[in-house]
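Single chain ahead, written as structure tokens, the form predicted on its own.
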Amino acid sequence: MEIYWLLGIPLTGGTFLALWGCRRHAPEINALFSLATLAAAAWLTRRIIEQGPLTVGDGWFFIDSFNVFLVALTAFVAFTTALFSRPYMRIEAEHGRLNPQRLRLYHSSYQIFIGAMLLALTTNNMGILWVAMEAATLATVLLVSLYRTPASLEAAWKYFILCGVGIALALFGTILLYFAAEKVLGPGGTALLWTELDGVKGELEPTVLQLAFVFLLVGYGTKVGLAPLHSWLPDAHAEGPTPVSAVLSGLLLNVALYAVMRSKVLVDGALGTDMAGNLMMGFGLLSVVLAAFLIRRQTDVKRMFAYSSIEHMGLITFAFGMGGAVANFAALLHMTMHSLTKSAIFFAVGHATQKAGTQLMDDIRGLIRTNPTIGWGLMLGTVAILGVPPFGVFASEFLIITTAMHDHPWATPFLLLALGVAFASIFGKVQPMVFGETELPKLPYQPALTPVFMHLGLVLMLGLFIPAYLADWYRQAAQLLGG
């Protein structure tokens, strides 16, 4: 029953807001639907923790410790982003950048986007997983193009084309997966059910599984933002509304990587080799290094943090590629830290760019004087995402680096170089934004920064102390991934 509430609430919210999303209280309604989704996710999470994995709907939905962790994270960040978008989108409307019809499109597409991601996370059918990822892509195309400027339309078109090609490759990989499973499980819907595939993975044709994983990794890896398939991501972040940047970085990239990891478990069982892990390590390491050096060239603050997302998703992919209990634990922890921290940064950046009227970093100065809460929110978020202790990103990066030193020492210099370059570049650009001299007046309104400090507080807490029940949760999820 919980799963139907989880998926039904955002679908109902999207339909309701498509009809009444241009009304004055639409932002509050959007936040209420997101809160109801969070409550359903908490209810489902509690049941999984108490009773273990759950299969419902004649096997069409499957929830275990791995995906329920991502369900809880997705619902939480979706709710805090809805809270942030209330004042943000109202100010955009006051500035004439959005009309009531576009606000209705934003609110309804936001709920549909959240529903599509939750469907992708909870479905047991690899074909429906592909459909849900396609639905999430279409919803975010509408969100990225919301301003209808030439730059936003170009970014949305680029996003649609590149991710459309990626999703098409993932579809071919899914077809190959069905082709291999049909010989063992027989024709019909059960040949695409992940639980059925997991039970017979040792009997699946290895050559077909190898080819399927290549297509699935490249296809879903496009959505993750892995290099060299990443070029849509900075444009989509820079030209779309800031709440969309927050959920793209904090949520969508995780869901796409989830699809890759479900596929990796099957391929590892069929092959008995490290082929899938080695491919993920290669793509992940390339993403980390390339993104770190591209960060140095950025002048737009949202594009800079978009490249930071590519770097961190590359790091998570590399950790999952290494495999093992510690690396998988570290990757799951880093997923959590990145989602919470990066969304908090985009919340602060959103208010900063509204205040300055520009996204160019050279034109944003002295935030600590014009509005101290925005300044401190951006600075603390930046310090956290750069892995400075005692924030949780330091703990997850430390685990990943030390595991790489032990298992793959050849990769350690590349990781350390990339992290060092990214640290120097981002800190050097953000520091004058926060502490530089400015003649701008103080902000005439009080921004909604509760979500910023709520996220950063959780990241700080998890850096100092991980509760035992949460650590056990991560360990269980890591074991499901082959840890």
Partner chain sequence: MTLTYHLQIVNLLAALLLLISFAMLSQRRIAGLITLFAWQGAALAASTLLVAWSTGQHHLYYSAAITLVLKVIAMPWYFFHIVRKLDVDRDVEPMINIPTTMLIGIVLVIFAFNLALPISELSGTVMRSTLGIALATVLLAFLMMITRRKAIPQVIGFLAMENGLFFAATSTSYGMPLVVELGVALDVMVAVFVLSIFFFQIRETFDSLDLKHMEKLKEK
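Nothing here was measured: the structure is a model prediction, and the numbers come from that model. Residue numbers count along the first chain shown, from 1.
Beyond what is shown, the protein has a form predicted in complex with the partner chain; the following relates to that form.
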Does any heavy atom of Ser145 come within 4.5 Å of a heavy atom of the partner chain in the predicted bound form?
yes
So in the predicted bound form, does any heavy atom of Met405 sit within 4.5 Å of the partner chain?
no
Would you please decide whether Asn125 lies within 4.5 angstroms of the partner chain in the predicted bound form, comparing each non-hydrogen atom pair?
yes
Interface membership of Thr336, the partner chain in the predicted bound form, 4.5 Å heavy atom rule
no
Would you mind picking out the stretch of 379-387, 150-158, 241-249, 280-288 that comes within 4.5 angstroms of the partner chain in the predicted bound form, counting non-hydrogen atoms?
150-158
Is the partner chain in the predicted bound form near all of Leu138, Leu192 and Arg297, within 4.5 Å of a heavy atom of each?
yes
Please tell me which of Val218, Leu185, Leu176, Leu271 lies within 4.5 Å of the partner chain in the predicted bound form, judged by heavy atoms.
Leu176
Counting any non-hydrogen atom inside 4.5 Å, which residue from Met261, Ala72, Val131, Met275 sits next to the partner chain in the predicted bound form?
Val131
